[in-house]
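For reference, the chain that follows is the form predicted on its own, supplied as structure tokens.
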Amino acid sequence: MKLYKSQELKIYNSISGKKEIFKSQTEGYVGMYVCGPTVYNKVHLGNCRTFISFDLVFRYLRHLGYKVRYVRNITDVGHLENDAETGEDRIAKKARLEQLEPMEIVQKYTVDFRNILQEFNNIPPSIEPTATGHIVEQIETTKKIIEKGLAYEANGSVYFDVMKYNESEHYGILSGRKLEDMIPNTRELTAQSDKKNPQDFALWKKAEPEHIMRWPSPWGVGFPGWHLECTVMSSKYLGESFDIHGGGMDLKFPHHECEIAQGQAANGVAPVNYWMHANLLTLNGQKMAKSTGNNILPEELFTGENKNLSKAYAPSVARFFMMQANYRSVLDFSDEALQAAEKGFHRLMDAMLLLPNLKAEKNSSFDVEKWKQSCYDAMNDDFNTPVLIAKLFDAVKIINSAKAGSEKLTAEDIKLLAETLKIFSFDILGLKPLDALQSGNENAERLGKVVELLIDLRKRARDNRDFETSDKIRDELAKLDIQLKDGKEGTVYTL
């Protein structure tokens, strides 16, 4: 039986503002779309958090037995500076600054983006379409919206008529905004003179002579609007209405709001059932910004070459740190927090290494089945990774106690613990098993020999009544989070 039939998953739906029981439109299948990067620069950690969050969603849905089609786009045209309706295309501007062709910029930073996510152990999406690869479809969708009377052409550009749309639908349904409240607060920009109303947004923009990226259309030479690409690509690969749409919290308005309006206008149905938004990543309590130096690039995290870091951190440690907060919560990145996450990560890995060597007992003092379901309960509660991690550390305590002899586990318990920890740590949380276990096996073996040697030296010191040396060995090991426990059968250690 597929797990999704026995596990009731709830997802926080941004459009309703509450957790809802997840039910896919077609049983056993899930369509998920996530807004991808605009590839004009190196991907930053805030973006990485969003993509890691939805990689977790992808992994868990697949684990539950769904066949998931995960579509994540590449924006390679149409995204203007400051998310504005006028100005220079971000990619074209970068091409001018680096004296390269726009598609060279696209290729350079697309490769960087994919390499970084591979470092974080993200699974590639099922389909990764580009905006430039769907110009024809964007033109056809624009024509369809014009035919329905919800868009108009002005001086070579085409704008979505928000006021007309709002007569029968609610523009602002996702962000909770009301159009009548937006109107008085809108600044009238001179470049917006082609619009009927300041709230109208571009479906197609006329290309000025200096604009490099341009295509022919029924309205003249131009390029597509940023919002339109996601509507076109999501509907092409997932249908006019699909299950999950994800992205960063900063995209809720206007980008996702415009997507809803375009989809509803073009196809007559609400495009998405569940809207999910990942929250921001801050650094030392402040917004990440290159201009202030309060910023870390992923490769700097892996090398430690950043003034905000005291050392390098493995990608799995950073991923583990990000999972310690729910995807909807603001998460503050700091060197101290990463150090704590690193210790926790190694405690989890070390406990998994201890499992095969535990002595199996006839009876058990721990209900492994109940614990396993508590792990599922955490994930079923809107992918609540902090609670899941707390449950994993409950198991770590049991494993260490079993090693010390104060807890009992049967052979079946040990096997189930090992399987469940592997599933939730590696398959679902996406931590790297090979890096962790290969280095861990080697290091654990060496560490074990060193600790056993120190335990033997401590025993000799105690036998010789040299308690100062004995206590010093115990206390120094404790500083390294290695606890010694003396018992009738000798001294054992836990990590």
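Residue numbers here begin at 1 and follow the sequence given. Note that the structure is a prediction, hence the values are computed from the model and not measured.
One more form of this protein exists, namely the form predicted in complex with a small molecule; it is left out here, but the text below deals with it.
Shown alone here, residue 430 lies farther than 4.5 Å from the small molecule in the predicted bound form, counting heavy atoms only. Under a 4.5 angstroms non-hydrogen atom cutoff, the small molecule in the predicted bound form lacks residue 307 among its neighbouring residues. Using a 4.5 angstroms limit between non-hydrogen atoms, residue 69 is distant from the small molecule in the predicted bound form.
The closest non-hydrogen atom of residue 319 lies beyond 4.5 Å of the small molecule in the predicted bound form. The three residues 150, 224 and 262 each lack any heavy atom within 4.5 Å of the small molecule in the predicted bound form. This chain appears without its partner; in the predicted bound form, the one residue of 103, 390, 127, 288 with a heavy atom within 4.5 Å of the small molecule is 288.
Residue-level contacts in the predicted bound form: of 79, 195, 372, 134, one residue has a heavy atom within 4.5 Å of the small molecule, and it is 79. Residues within 4.5 angstroms of the small molecule in the predicted bound form, judged by any non-hydrogen atom, belong to 245-253 and to none of the other stretches in 245-253, 156-164, 374-382, 170-178.
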